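Below you will find one chain, with nothing else, as structure tokens; this is the form predicted alone, and questions on how it binds or moves follow later.
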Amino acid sequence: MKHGIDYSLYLCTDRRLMTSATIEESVEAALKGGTTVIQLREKDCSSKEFYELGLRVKKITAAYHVPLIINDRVDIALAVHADGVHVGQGDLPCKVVREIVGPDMLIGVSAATLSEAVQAEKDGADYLGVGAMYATNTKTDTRPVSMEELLKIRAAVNIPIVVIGGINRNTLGNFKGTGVDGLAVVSAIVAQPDPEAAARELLRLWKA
């Protein structure tokens, strides 16, 4: 699973924004629309709830042969046999995460500067989430990344990059030709009246 992953359309879940009744429905709709990676992001539930939800979502992503990444929680990622874990700059360092999860699990790292990106690759990250590219209501504590910084990061690292932060059908065209591997989105799929159609449209526009 680790090599040859398609990062084209990378969805981060958000129960506060979703139009679907459950996380599972939101994820399945996105997968039907062609989403290529799912990151399960849960900030406000107990470890037990996160674990149980992770198991249910893993069944769905496995049926679609799409990797499941757990946000922040290395313990949950291991417990549900997720395909990967994604950490931010305030979480456990990538190097430590790699020691815990071993060589086979995917590790994604959020980076907003060239030095963070280079360090993440050095420490064993498999891909980077670079942003926030635009202001977003999904996360309020983000650091803005300029297009210039993104291009510097792309030139400096060899691992895949997904851009995040305010990515939607109106902004995704700005990243064509930058060499990034995909788009990480939240509300552009989960907050739409028809998440499946929204995912399909984003993928079509990105690949066009």
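Keep in mind it's a predicted model, so treat the numbers as computed, not measured. Don't overthink the numbering: it's just position in the shown sequence, from 1.
From this point on, the text means the form predicted in complex with a further copy of the same chain, which you will not see here.
Legend entry - a further copy of the same chain: the contacting residue among 119, 113, 89, 136 in the model of the complex [heavy atom, 4.5 Å]: Answer to the contact question: 89.
Inset, instruction - Would you mind picking the one in 47, 170, 178, 146 that has a heavy atom within 4.5 Å of a further copy of the same chain in the model of the complex? - result: By the 4.5 Å criterion, the partner-contacting residue is 47.
Legend entry - 4.5 Å heavy atom contact, residue 75 to a further copy of the same chain in the model of the complex: Residue 75 belongs to the contact set for a further copy of the same chain.
Inset, instruction - May I ask you to state whether residue 51 is within 4.5 Å of a further copy of the same chain in the model of the complex, using heavy atom distances? - result: Close contact exists here: in the model of the complex, residue 51 approaches a further copy of the same chain to within 4.5 Å, heavy atoms only.
Legend entry - Residues in 92-118 with any heavy atom within 4.5 Å of a further copy of the same chain in the model of the complex: Those in contact are 92, 93, 96, 100.
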